[in-house]
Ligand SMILES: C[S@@+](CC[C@H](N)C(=O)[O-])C[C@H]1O[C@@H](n2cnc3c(N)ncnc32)[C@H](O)[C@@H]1O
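Have a look below at one chain only, the form predicted on its own, in structure tokens format.
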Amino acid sequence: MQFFATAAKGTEPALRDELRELRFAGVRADRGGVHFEGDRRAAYRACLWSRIALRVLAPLATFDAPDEGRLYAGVRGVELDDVLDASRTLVVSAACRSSRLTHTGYLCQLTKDAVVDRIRDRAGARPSVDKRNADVHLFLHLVKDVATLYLDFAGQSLHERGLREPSAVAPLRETLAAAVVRYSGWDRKSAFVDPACGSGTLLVEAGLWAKNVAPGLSRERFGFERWVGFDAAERAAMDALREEARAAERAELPLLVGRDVSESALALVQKSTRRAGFEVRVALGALADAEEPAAGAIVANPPYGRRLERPAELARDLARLVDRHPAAHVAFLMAEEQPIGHTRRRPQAPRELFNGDIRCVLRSWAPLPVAG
């Protein structure tokens, strides 16, 4: 089977490298995600292990869809008996580009009608739609009047680890945080410091990666576990994958340090990391005063947009932070137009990323060579 793991724009290279390290076959980066191949259980494993993928999709059919009749007929011809029946719920999402059919809401409606009409004609009953918690997720991609219908293995987006405190408002998705940690150059052994940690998403992702914890272990179940064809044999296979993942966890954890000016934020950090199975050191204080000589990586998502109060001071403080830790990898996820002060260290090439619909840039610095 062919699969496509979707990713936030700019994180595709990180996802490609991750899937190669996890020894998936046929890994190839593309716009919006990464292709890989294998049997159905390869998709199970990707959902369980990927830190950066948002969804794992399998293409079901590709067909010309220049008008609504051709789209309806193409979707209706797709066999879904091992996934969906009248007792289960369904949701459809869609995206389109450069096509005659342009309204994504209408595309979702047509796709849903074609799927449920086929089941009703065969079984005498039809599945209902559940936009919040459906058993089966389908995705229609229409480009230049050519439609591809995908089956979503993940169900809910894979960034939803189930580890964040319900009261936490985080400006950073877990999957993007995982990509930023990987891009930072951190070795997963030295101390990791977030000097503006907020609710601690970067710290949680750093800890999970360092301990080799499969991020999907914290989820109760994935979308594919609710399908018609997920029988006792598939359940046993998934149980075995979870047991293998638990056995692969490492006991050791490097020093993780979170700093923030908010006591309530630090309390959320400690709750989230404990829920993830490890402890971090927290410190109350301003970013300008942060100093950790033993740090192997300084990684932060400093304030921007409405969170940014004093841009000139922040730019200066970030630059000083870079120069204060010459032996550390330093990486800041910043708004594209956000300034940073002058540093004595030469920056690496900036990397464009998107935090939702916000265009960002990851600015990073490699450690300076040791004299002598």
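Quick note: we count residues from 1 along the sequence shown, nothing fancier. Quick caveat, the model's predicted, so the values are computed rather than measured.
The form predicted in complex with the named molecule exists for this protein as well; it is not shown, and the discussion that follows is about that form.
- 4.5 Å heavy atom contact, Asp260 and the named molecule in the predicted bound form: Contact with the named molecule, yes.
- Would Cys197 count as touching the named molecule in the predicted bound form under a 4.5 Å heavy atom rule? Within the cut-off, so yes.
- Task: Mark Leu172 yes when one of its heavy atoms lies within 4.5 Å of a heavy atom of the named molecule in the predicted bound form, and no otherwise.
- Result: Leu172 belongs to the contact set for the named molecule.
- Query: Hey, in the predicted bound form, does Gly33 get a heavy atom within 4.5 angstroms of the named molecule?
  - Reply: So Gly33 does not count as contacting the named molecule.
- Task: Among 223-231, 79-87, 285-293, 240-248, mark the stretch whose residues have heavy atoms within 4.5 Å of the named molecule in the predicted bound form.
- Result: Answer to the contact question: 285-293.
- Partner-contacting position among Gly155, Pro127, Pro302, Gly74 - heavy atom within 4.5 Å of the named molecule in the predicted bound form: Contact residue from the list: Pro302.
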